[in-house]
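The chain that follows stands alone, in the form predicted on its own, written as structure tokens.
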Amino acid sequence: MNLITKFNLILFFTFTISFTIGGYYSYQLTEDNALQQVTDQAELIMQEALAIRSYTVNEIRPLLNKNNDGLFHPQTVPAYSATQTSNLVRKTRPEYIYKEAVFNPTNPRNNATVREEKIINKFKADPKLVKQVGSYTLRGKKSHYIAYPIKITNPKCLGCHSSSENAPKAMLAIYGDKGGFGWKLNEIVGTQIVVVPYKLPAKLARKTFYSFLVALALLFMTLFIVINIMIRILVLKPITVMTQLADNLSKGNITGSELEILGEDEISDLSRSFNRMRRSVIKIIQILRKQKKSGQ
């Protein structure tokens, strides 16, 4: 096996190991970035929902209550406003979901599913838990969710939710007296949950990952070619010339010029040493030839 083949094998195994390690960690990094992007999207939607709830309580509700028309306006309910706004968004982005899931809701559309009930129960089991983040499969597609607890902290909420007898008649006329009652102060009754698809960030992550692999492969290929060229020029070519001169010298051929020395590296030092050795050998050969002639 010649020297260039050995160098290429070493480079090949080095590049293969580096490519594998680099690919593995870049994949983990792109996956983590995709997950962080999904989490940020979910958090943004959640904060928008919270802002809508606050806007409804502070600005919309006072305006509608001034009418004193004896009617119950769902638009004064922060959960209704946040959900309605989310439903408008879902017309163009159906895979994005915002829901206020409750065990015992006033509006049946807020009734918690089995999966949401597990999230609510986890909040109830640990009152100090303020947020849950996780993933699950929704309609065959991986999705990411973020959930906040719905906790009754405002005593005014009990005016509509303590019992059907105390609830506004106008509200009962819309939703009936079957759900949304029996709530207590500081009780966790549900969860605000945002679900966002993992598909788009994951697709971008894979695209970034594949682009990185292609760039890494091109880089390795370029280095491989450059290193091969440099080895041939700086190492193999001088060694080949030395080998030829040494072979000629071993056969008694003392003609030809010395090695040309252009640098100050190790190959140049070797060339100098070879030239000195060659001159010494030539002198010995010349002396031996003279002695042979004088002996004749």
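Residue indices: 1-based, along the sequence shown. Keep in mind it's a predicted model, so treat the numbers as computed, not measured.
Another form, the form predicted in complex with heme C (HEC), is not on view; read the next lines as being about it.
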query: Close approach of Asn154 to heme C (HEC) in the predicted complex, 4.5 Å, heavy atom; finding: yes
query: 4.5 Å heavy atom contact, Pro105 and heme C (HEC) in the predicted complex; finding: yes
query: is_contact(His161, heme C (HEC)) in the predicted complex, heavy atom dist at most 4.5 Å; finding: yes
query: Partner contact for Arg109 in the predicted complex: heme C (HEC), 4.5 angstroms, heavy atom; finding: yes
query: Contact stretch among 94 to 102, 126 to 134, 139 to 147, 203 to 211 - heavy atom within 4.5 Å of heme C (HEC) in the predicted complex; finding: 94 to 102
query: Listed residue that, although heme C (HEC) is not shown, lies within 4.5 Å of it in the predicted complex (heavy atoms), from Met171, Val195, Leu216, Ile188; finding: Met171
query: Members of 163 to 185 lying within 4.5 angstroms of heme C (HEC), judged by heavy atom, in the predicted complex; finding: Met171, Tyr175, Gly180, Trp183
